[in-house]
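Single chain ahead, written as structure tokens, the form predicted on its own.
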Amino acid sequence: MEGQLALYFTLRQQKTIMKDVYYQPPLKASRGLYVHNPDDISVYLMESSGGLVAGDTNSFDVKLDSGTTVTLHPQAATKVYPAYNGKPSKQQVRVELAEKASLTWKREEVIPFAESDFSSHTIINMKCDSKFYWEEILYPGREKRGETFTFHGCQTQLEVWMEDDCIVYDQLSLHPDKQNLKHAGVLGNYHYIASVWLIDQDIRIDPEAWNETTTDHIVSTTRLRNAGYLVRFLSNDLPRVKREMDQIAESTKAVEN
């Protein structure tokens, strides 16, 4: 299947609205909701097929006009089914942020099933005064079924362009059949990989507050020149990862307010 979802947001009387929506199943979007803030429109991203089958491609195109504020919520984790036909499952995300636009993409969770092959490519084009917040969690598989790193391949690539500068180029490529993921410097004994990207020249967080190592959980913070931060987790404690992601989100809201 070739799922497509294109969303275009603009201002009407100083209020962010979702002006245009185009979708092709299995992707679909909810109507815009103003949950906590009348200036921030929230939209839920829905996928009706229950997951990506081998050979499927889901494409998202999101465009924000100047001054708009948008929060996108994936309705469920992305389940990636086995690639019995040898074809990978793909996801493509393209985002365009105009001046002073702000996009928050809440947790994008990916669960690669045994024998699956997943590839995603996310490209963000933004201005110096626009803002982009991205949360992502990669699962090792369906652990309760004994599927821990039993997928064939899982590749993610994130590019963030600020004007003509590429400020983020982050690529993750896991092939358990060919790599020793338990090796120090790769995943060690941790199962979950999570990232919070805060691309915002005005934002300030305390890196020491998000810099900790225990036997089940590592979190560290990287300053992205003057463009923001990356907070990355390696963990075996998924509830803690989600809780700390929420705490980071709340702390950045407090800074904004």
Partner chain sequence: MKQQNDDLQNLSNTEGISTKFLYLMHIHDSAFPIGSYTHSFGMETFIQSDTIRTKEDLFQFCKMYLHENVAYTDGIFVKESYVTEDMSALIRLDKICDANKNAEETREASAMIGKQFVKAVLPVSETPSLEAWYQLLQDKQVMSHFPIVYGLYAKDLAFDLYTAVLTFLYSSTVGLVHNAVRAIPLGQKAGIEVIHRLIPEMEKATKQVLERSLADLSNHAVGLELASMQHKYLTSRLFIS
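Computed from a prediction, not measured in an experiment: that's the story for all the values here. Positions refer to the first chain, counted from 1.
Below, we turn to the form predicted in complex with the partner chain, even though it does not appear here.
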- Answer option from Glu96, Asp170, Asp129, Glu143, heavy atom within 4.5 Å of the partner chain in the model of the complex: Asp170
- Message: So if I measure heavy atom distances to the partner chain in the model of the complex, which of the stretches 5 to 13, 231 to 239, 18 to 26, 244 to 252 falls within 4.5 Å?
- Response: 231 to 239
- Query: Within 4.5 Å of the partner chain in the model of the complex, do we find a heavy atom from each of His36, Leu72 and Ala77?
  - Reply: no
- Task: Using the partner position in the model of the complex, report whether Phe60 sits within 4.5 Å of the partner chain, counting heavy atoms only.
- Result: no
- Would Asp202 count as a contact of the partner chain in the model of the complex, using a 4.5 angstroms cut-off between non-hydrogen atoms? no
- Message: Under a 4.5 Å heavy atom criterion, is Arg31 part of the interface with the partner chain in the model of the complex?
- Response: no
- Though only this chain appears here, would Asp216 touch the partner chain in the model of the complex if you measure heavy atom gaps against 4.5 Å? no
- Pull the contact list for 203 to 220: residues with a heavy atom within 4.5 Å of the partner chain in the model of the complex, in sequence order. Pro207, Glu208, Asn211, Glu212, Thr213, Ile218, Val219, Ser220
